[in-house]
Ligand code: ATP
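Below you will find one chain, with nothing else, as structure tokens; this is the form predicted alone, and questions on how it binds or moves follow later.
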């Protein structure tokens, strides 16, 4: 794979459902070998983006490329190299778990039986159970196994942990996604989620989408360097001073806490000039950056 070519490249994508605009000149670039997060509130346009790059919806304006190819014109070539887990997973209800996996494996050029066996055991899935009798969480687990075993170049996940209990969510994120990329550093993950905190340690870069537009697109380390939370405690309640350039300000008694975007040094100096008893700065988590950006 040419590392200069993004795995996913979306440019000026627009899509509307009747009069409801889901995407408005949305742009996204996902480099190879990364775990890339697409963050947004419900209705922000995340699922519509996923459907356009999978050729489940046709863009009304703009361009979508996956592996440098137009998914509408090279659908088989594109889908041979990716796997997709939607937020609502469905299987033929009369098939057992074993029959479902065998059926899905028949469409793939390769299938890692060792990974399948390991994940079935980790998720405690009964291979003799009918798919129609599985809970939502179990269907999600089965969908994840079916997506990872072909070892695709691109794993597309749309709210992949929404049906899982907290313990299984953590295990899935740390073990399953981690193992998927460890097997081949060139593999790429595009994950759409609102459970940002749970992906904190895995996300390499992200885009925040709101009302169909890209608001922020950053590397995760760059974002943590840029967005800071500054806390100051004074000997007496501090006088009011200009903090209008802060994203958020919280005053409580003798303490002030502010969130800043790229202006931490000047803000720290402003506090030092007022002789605080204590002054500290720390990087925001990705979830805190998401909240601060959309407030």
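From a predicted model like this one, the values you see are computed outputs, not experimental measurements. Numbering follows the first chain given and starts at 1.
Quick note: we don't show the form predicted together with this ligand, though the next part is all about it.
Trainee: Considering non-hydrogen atoms and a 4.5 Å limit, which listed residue (116, 204, 198, 159) is close to this ligand in the model of the complex?
Mentor: Contact check passes for 159.
Trainee: Would you mind picking the one in 248, 251, 41, 61 that has a heavy atom within 4.5 Å of this ligand in the model of the complex?
Mentor: Exactly one residue meets the criterion: 41.
Trainee: Quick check for you: of 240 to 248, 24 to 32, 45 to 53, 66 to 74, which stretch puts a non-hydrogen atom within 4.5 Å of this ligand in the model of the complex?
Mentor: So the stretch in question is 45 to 53.
Trainee: Is this ligand in the model of the complex close enough to 92, 129 and 165 that every residue in that trio has a heavy atom within 4.5 angstroms of it?
Mentor: So, no: the whole triplet misses this ligand.
Trainee: Does at least one non-hydrogen atom of residue 108 fall within 4.5 angstroms of this ligand in the model of the complex?
Mentor: No - in the model of the complex, heavy atoms of residue 108 and this ligand never come within 4.5 Å of each other.
Trainee: Even though this ligand is not shown here, does residue 170 get within 4.5 Å of it in the model of the complex, heavy atoms only?
Mentor: Flag for residue 170 set to no.
Trainee: Just to confirm, residue 87 within 4.5 Å of this ligand in the model of the complex by heavy atoms?
Mentor: So residue 87 counts as contacting this ligand.
Trainee: Look up in the model of the complex whether residue 194 has a non-hydrogen atom within 4.5 angstroms of this ligand, and give yes or no.
Mentor: Output for residue 194 is yes: heavy atoms within 4.5 Å of this ligand.
Trainee: Within 4.5 Å of this ligand in the model of the complex, counting any non-hydrogen atom, which residues from 252 to 285 show up?
Mentor: Contacts from 252 to 285: none.
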